[in-house]
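Next up: just one chain, as structure tokens, the form predicted alone.
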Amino acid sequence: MTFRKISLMFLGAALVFGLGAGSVKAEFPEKPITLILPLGAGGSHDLNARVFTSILPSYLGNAMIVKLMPGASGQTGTAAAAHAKADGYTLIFTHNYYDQLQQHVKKLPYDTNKDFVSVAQLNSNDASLIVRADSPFKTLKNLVDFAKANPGKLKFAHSGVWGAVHVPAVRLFKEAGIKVTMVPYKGGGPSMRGFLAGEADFTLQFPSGIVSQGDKVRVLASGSKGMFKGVPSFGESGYSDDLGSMRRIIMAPKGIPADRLKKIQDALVKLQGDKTYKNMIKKIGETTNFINGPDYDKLRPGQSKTYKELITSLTK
């Protein structure tokens, strides 16, 4: 066989394989998916995100990269996600207060009902009230009695106005009849760091944020009965037991192709049965009460109505 014939043979093969390769459609996701967190580093959202994004690639087929975008009580990151291309490569890991409450208290540069569709609720939990381990307050009653005798003297660290910590705190303070100085931060992580540094006397935090601090903090009242051994719940302490639950939700810009949305949702459903994932979530003190996107979307109108009524009652 001549060199020319050999060359033509390889050229033909290359064309055949090249055409064949070009005609094969790559499967989504072909590249990593960006998961925006509209909150700061080190908070419960960040901790939960680090857990599930470390295991999800096994079921999704590509990585999910966490991108922290705190600021303006969640508006910075939420706006970035709302204006992102609806191709499945940008998601947001947010919560019910940013999604359905904030629209009733401020003008937003987006409409969460028109701009987003639910991918899934990853889990939910209630916040507990904590002080530093060296605090003179041993019980919630101690703290409330001091606050009543010294209006505005105690400082409270929270993750942002009308956020997942601010709302239950305002409800608690109203029920207790106390006035405290509110100190806002860009997320649960920054608020925890400020509180530990002595910038505030107490705060509300979620289980993962509390567990990660070990013996640096003391829990005075838990979000629900039995959450922390030997610690009374708010209800057992004489207050409402439903001060406010945070639902951690993954959302996508509305318009995401149905097949891509389903691919992500299917991967998240499979994740719920992963033993490593369940063990890691349990280790950080969180739950696995998963709700898939279509079912969660049905809850959002009711949340909006409830929050509108809540805002009215709190701002009278």
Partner chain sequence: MWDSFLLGVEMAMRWDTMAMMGVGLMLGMFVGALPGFTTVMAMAILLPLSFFLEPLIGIPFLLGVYKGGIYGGSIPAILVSMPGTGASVATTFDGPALTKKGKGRKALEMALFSSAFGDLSSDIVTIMFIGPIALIALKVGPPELMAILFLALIVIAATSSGVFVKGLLMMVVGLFLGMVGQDPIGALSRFTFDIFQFRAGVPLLPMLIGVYALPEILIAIENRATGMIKQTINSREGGPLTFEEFRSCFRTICRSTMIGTVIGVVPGIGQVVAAFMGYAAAKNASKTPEKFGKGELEGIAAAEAANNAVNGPTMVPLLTLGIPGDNITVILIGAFIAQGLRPGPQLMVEQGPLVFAILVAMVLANILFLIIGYFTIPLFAKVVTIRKSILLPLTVVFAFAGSYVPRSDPFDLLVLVGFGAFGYLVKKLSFDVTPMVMAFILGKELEYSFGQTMVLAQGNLAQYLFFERPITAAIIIGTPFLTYMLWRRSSRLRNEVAAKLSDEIPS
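Because the structure is predicted, anything quoted here is derived from the model rather than measured. For clarity, a rigid core is taken as the largest C-alpha set superposing within 1.5 Å between two forms. Numbering follows the first chain given and starts at 1.
One more form of this protein should be noted, the form predicted together with the partner chain, which is absent from this view; the next part is about it.
### Query
Looking at 113-121, 73-81, 133-141, 225-233, which lies within 4.5 angstroms of the partner chain in the predicted complex, counting heavy atoms?
Result for this chain: 73-81.
### Message
Given that the partner chain is not shown alongside this chain, does Y185 nevertheless sit within 4.5 Å of it in the predicted complex, heavy atom to heavy atom?
### Response
Heavy-atom contact with the partner chain at 4.5 Å: present for Y185.
### Query
Looking at the partner-bound form in the predicted complex, is K283 within 4.5 Å of the partner chain by any heavy atom?
Within the cut-off, so yes.
### Message
Can you tell me whether R193 touches the partner chain? I mean in the predicted complex, with a 4.5 angstroms heavy atom cut-off.
### Response
Residue-level check for R193: yes, a contact with the partner chain.
### Query
Does T276 reach the partner chain in the predicted complex, with heavy atoms at most 4.5 Å apart?
Yes, T276 sits close enough to the partner chain in the predicted complex that at least one of its heavy atoms falls within 4.5 Å.
### Message
Each of K107, V161 and S208 within 4.5 Å of the partner chain in the predicted complex, by any heavy atom, yes or no?
### Response
All of them do, each having a heavy atom within 4.5 Å of the partner.
### Single option in I250, L261, L268, V51 placed near the partner chain in the predicted complex, where near means a heavy atom within 4.5 Å
Of the candidates I250, L261, L268, V51, V51 is the one lying within 4.5 Å of the partner chain in the predicted complex.
### Heavy atom within 4.5 Å of the partner chain in the predicted complex - the one residue of I256, I33, L68, L56 that qualifies
If I apply the 4.5 Å criterion carefully, the residue I get is L68.
### Query
Using a 4.5 Å cut-off on heavy atoms, which residues of 213-228 contact the partner chain in the predicted complex?
Heavy-atom contacts to the partner chain in the predicted complex: Q213, G214, D215, K216.
### Task
Spell out whether the Cα of D115 moves at least 2 Å between the shown form and the other one when the two forms are superposed on their rigid core.
The answer is no; the displacement is under 2 Å.
### Query
Comparing between the shown form and the other one on the rigid core: C-alpha of I210 shifted by 2 Å or more?
For I210, whose C-alpha is compared between the shown form and the other one after core superposition, the shift is 2 Å or more.
### Query
C-alpha of F156: shift of 2 angstroms or more between the shown form and the other one, rigid core aligned?
For F156, whose C-alpha is compared between the shown form and the other one after core superposition, the shift is 2 Å or more.
### Query
Your call: T306 and K179 CA atoms, closer or farther in the predicted complex versus the shown structure, by 3 Å or more?
Pair moves closer in the predicted complex.
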